[in-house]
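Okay, so here's just one chain, in structure tokens, the form predicted alone.
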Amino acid sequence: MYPIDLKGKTAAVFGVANHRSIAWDIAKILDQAGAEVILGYQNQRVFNSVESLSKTLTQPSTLVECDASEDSQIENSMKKIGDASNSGNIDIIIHSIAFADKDDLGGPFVDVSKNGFITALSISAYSLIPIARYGSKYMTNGGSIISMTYQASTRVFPGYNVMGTAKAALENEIKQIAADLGHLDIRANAISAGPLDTLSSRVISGYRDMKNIHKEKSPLKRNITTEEVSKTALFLSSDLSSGITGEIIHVDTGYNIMGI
């Protein structure tokens, strides 16, 4: 248990697929802090896995199907989440959604197809916009929107390819959403995490090299943990971060500051 109290708060967490999902670790820590956690899952393919995980939370969790590639599904899911919330409000939104075709996560970037580019940008970046648009309607008491990014938004990581472009778009969106929704006391920030072993990272060409180089070059001489990312999300979800919005917060053992 961490000394942050989120009792009476409702958190909508998008992006849980299995126990390795970053979104799952965030969901767990928000639950431990007392928040009512509502899980948005992609489709029936992952339902059983998400349902099993939800049963391990300390409080009952509502599951809401949401295909982030469809604006109408996002709108409907937000309404369901708002209706399911004990308070009728949403206080925290976690956007941990990313996807690119496996063929576009290796080889020369210039070979990415138009459809592959559109798919990666649509799911990994654009989806945050309707989530913020429709979710903010239920954030009547203000709140916090948090997304996940990676340093490939500003630097080249061979193998990350089109996802780097998607993360660059995502980070710009965070700043614009923060500006749009600030008058509603809604904050928007992103966590730029170092390499983590997730289902998605396994398909990135050269991922193991990325992780090893990160460990060697970072000031703390180690890789990060999902717990470190989730603790940062907990902080950003709480009133302790009330003055922070539009920021990209690096949780990467300092790797981003190194020039070589």
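Counting begins at 1, following the sequence as shown. On a predicted model such as this, the values are computed, not experimentally measured, just so you know.
This next part talks about the form predicted together with a small molecule, which is not shown.
Taken together, the three residues Asn89, Gly143 and Ala233 lack any non-hydrogen atom within 4.5 angstroms of the small molecule in the predicted bound form. Only one of the listed residues (Asp209, Glu51, Asp67, Glu227) places a non-hydrogen atom within 4.5 angstroms of the small molecule in the predicted bound form, and that residue is Asp67. Only one of 95 to 103, 132 to 140, 171 to 179, 75 to 83 places residue heavy atoms within 4.5 angstroms of the small molecule in the predicted bound form, namely 95 to 103. Proximity of Val112 to the small molecule in the predicted bound form falls outside the 4.5 Å heavy atom cutoff.
With a 4.5 Å cutoff on heavy atoms, Ile38 does not count as touching the small molecule in the predicted bound form; it lies far away. Met148 belongs to the set of residues with a heavy atom inside 4.5 Å of the small molecule in the predicted bound form. Residue contact check for Ala193: one or more of its heavy atoms lie within 4.5 Å of the small molecule in the predicted bound form.
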